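Listed next as structure tokens is one chain, alone, in the form predicted on its own.
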Amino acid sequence: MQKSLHIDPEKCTGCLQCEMACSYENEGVFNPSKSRIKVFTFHDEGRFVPYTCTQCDEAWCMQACPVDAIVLNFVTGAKYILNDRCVGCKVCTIACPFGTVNYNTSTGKVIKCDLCGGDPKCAEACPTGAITYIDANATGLERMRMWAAKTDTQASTHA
């Protein structure tokens, strides 16, 4: 059974524990700027939305890489960067429609979520359960549509 990250923005408090856990796991420092997951703040609405690589089935980042430095982990389903192959050209950062592949200036390579090898630290660190690691069949487009519809409904009732 393949698993994936599930993000429930309603439960996010903006504590940034996910960013801290990610940066520590991957870079050895507590520094949100080095995290592969980001929490977007909607100040006017008072909402926070964590976002990271969705491990797309047709990963444009992987297809765009001219040196095949992004490969599939068949066990976790994650697309991850082979650092020894990455030349830092940033083509994958342009190809990603969600902006979740980023350039690391200190290494000259790109970084993206690799699901921590099947044990995502962001989900482990989230105190409210806004980020969970669940059966991949329980996530997807329909859940996003439900969230979008719910958000639209709430926005129109507060207007």
Partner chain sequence: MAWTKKILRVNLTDGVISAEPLNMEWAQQYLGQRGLATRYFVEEVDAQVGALSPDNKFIMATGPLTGTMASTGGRYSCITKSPLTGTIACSNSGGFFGAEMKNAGWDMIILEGKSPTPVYLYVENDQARLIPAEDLWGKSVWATDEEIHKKHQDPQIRIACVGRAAESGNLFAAVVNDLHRAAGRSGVGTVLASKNVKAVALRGTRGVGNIKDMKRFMDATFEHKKVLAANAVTGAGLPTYGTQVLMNVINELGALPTRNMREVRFEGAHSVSGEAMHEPRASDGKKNLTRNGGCFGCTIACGRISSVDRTHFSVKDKPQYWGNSGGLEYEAAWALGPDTGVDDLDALTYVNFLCNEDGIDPISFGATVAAAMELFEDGVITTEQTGGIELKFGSAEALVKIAELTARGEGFGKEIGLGSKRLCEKYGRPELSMTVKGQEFPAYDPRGIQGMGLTYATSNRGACHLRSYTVSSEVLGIPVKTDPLATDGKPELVIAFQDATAAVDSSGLCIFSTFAWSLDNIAPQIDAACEGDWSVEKCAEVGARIWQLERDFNMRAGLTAADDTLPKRLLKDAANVGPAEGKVCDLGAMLPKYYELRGWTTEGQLTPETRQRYGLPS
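Residue numbers count along the first chain shown, from 1. Just so it is clear, the model here is predicted, and its values are computed rather than measured.
There is also a form predicted together with its partner chain; it is not shown, and the following applies to it.
Mapping the unseen interface onto this chain, residue 32 counts among the residues with a heavy atom inside 4.5 Å of its partner chain in the model of the complex.
Though the partner is left out of this view, residue 44 does reach within 4.5 Å of its partner chain in the model of the complex, counting heavy atoms only.
Remark: residue 48 counts among the residues lining its partner chain in the model of the complex, judged by a heavy atom distance of 4.5 Å or less.
Although the partner is absent here, residue 56 is not a contact residue: none of its heavy atoms lies within 4.5 angstroms of its partner chain in the model of the complex. Using a 4.5 Å cut-off on any heavy atom, the residues of 99-132 that reach its partner chain in the model of the complex are, in sequence order, 125, 127.
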